[in-house]
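Shown below, as structure tokens, is a lone chain in the form predicted on its own; questions about how it binds or moves come after it.
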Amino acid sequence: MAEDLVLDTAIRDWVLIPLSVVMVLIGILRYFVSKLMLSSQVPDPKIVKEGQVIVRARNLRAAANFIPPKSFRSRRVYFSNEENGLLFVPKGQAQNAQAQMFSDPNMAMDMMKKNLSMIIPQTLTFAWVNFFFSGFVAAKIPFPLTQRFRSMLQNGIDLSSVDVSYVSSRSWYFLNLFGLRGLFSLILGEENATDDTQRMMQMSGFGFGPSKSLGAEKDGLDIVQHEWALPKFEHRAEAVLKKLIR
């Protein structure tokens, strides 16, 4: 049976609170350092145009049933025509995202700076936590958990007799590392450079090519089954009025 522990208030004052404050301050500092390291770039007009085309095609798919069938077909041909459609990309003109990155040295340098601004602070912070706070039981979650969460919440504590709801200092570091996105969004705004989950996903690949986005949007627009919603509005209004009268 799991044992109930009484956590000392000194652990809260000297482990839990300092670790949380340091993680927040490091995230804010890394945000401003990342902004200083980024080079000013002029957006590529071609990429901006392709992005606007994708947005327009998505709006057409979302509101397809609110325009007449003839208008929808003409707009779909305008976007997905294989001769001069906006979403059609010839095979010879499709550029790989990796090739596009290597052709632009500023893009590769900015990506390297972003990765370094994430890896170096995380490495130093983890070494600091592992050296000073290793082995502490820092907090307790106020609801029961299953044994599957033990490896996630009790990293660095090899005691099976401790209840799963207790959180070690090392696990608290990882929870702050991946769980402070909402707080950083409130402090720094939605477009901030402290989303470590998104950064790690970007490190595994070089991004999603705009040509693939155009092709995917073209395929999605081609399979849309148009059903004009205007003729059914009278029946819907009648049904709503009947419900209100009853």
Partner chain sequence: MVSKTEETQLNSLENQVDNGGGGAWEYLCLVRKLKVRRSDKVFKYGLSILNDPKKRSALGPEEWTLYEQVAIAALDCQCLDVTKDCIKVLQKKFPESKRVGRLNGMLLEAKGSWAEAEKAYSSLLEDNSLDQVIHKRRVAMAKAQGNISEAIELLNKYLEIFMADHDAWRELADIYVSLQMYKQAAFCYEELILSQPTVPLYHLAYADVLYTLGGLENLQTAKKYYASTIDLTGGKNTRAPFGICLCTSAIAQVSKGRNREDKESPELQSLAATALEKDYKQRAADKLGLLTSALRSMKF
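Here the structure is a predicted model, which is why all the values come from computation and not from measurement. Residue numbers count along the first chain shown, from 1.
This protein has a second form, the form predicted in complex with its partner chain, left out of what is shown; the following refers to that one.
Although the partner is absent from the chain shown here, none of S20, K113 and F136 has a heavy atom within 4.5 Å of its partner chain in the predicted bound form. This chain lacks the partner; the member of L180, A216, L29, V53 within 4.5 angstroms of its partner chain in the predicted bound form by a non-hydrogen atom is V53.
Of the heavy atoms in L186, none are within 4.5 Å of its partner chain in the predicted bound form. Taking the partner from elsewhere, I67 is found to have a heavy atom lying within 4.5 Å of its partner chain in the predicted bound form.
At the 4.5 Å threshold, heavy atoms of S71 reach its partner chain in the predicted bound form. Using a 4.5 Å cutoff between non-hydrogen atoms, D222 does not count as a contact of its partner chain in the predicted bound form.
Residues W228, L230, P231, F233, E234, H235, R236, A237, E238, V240, L241 are the members of 225-241 with a non-hydrogen atom no more than 4.5 angstroms from its partner chain in the predicted bound form.
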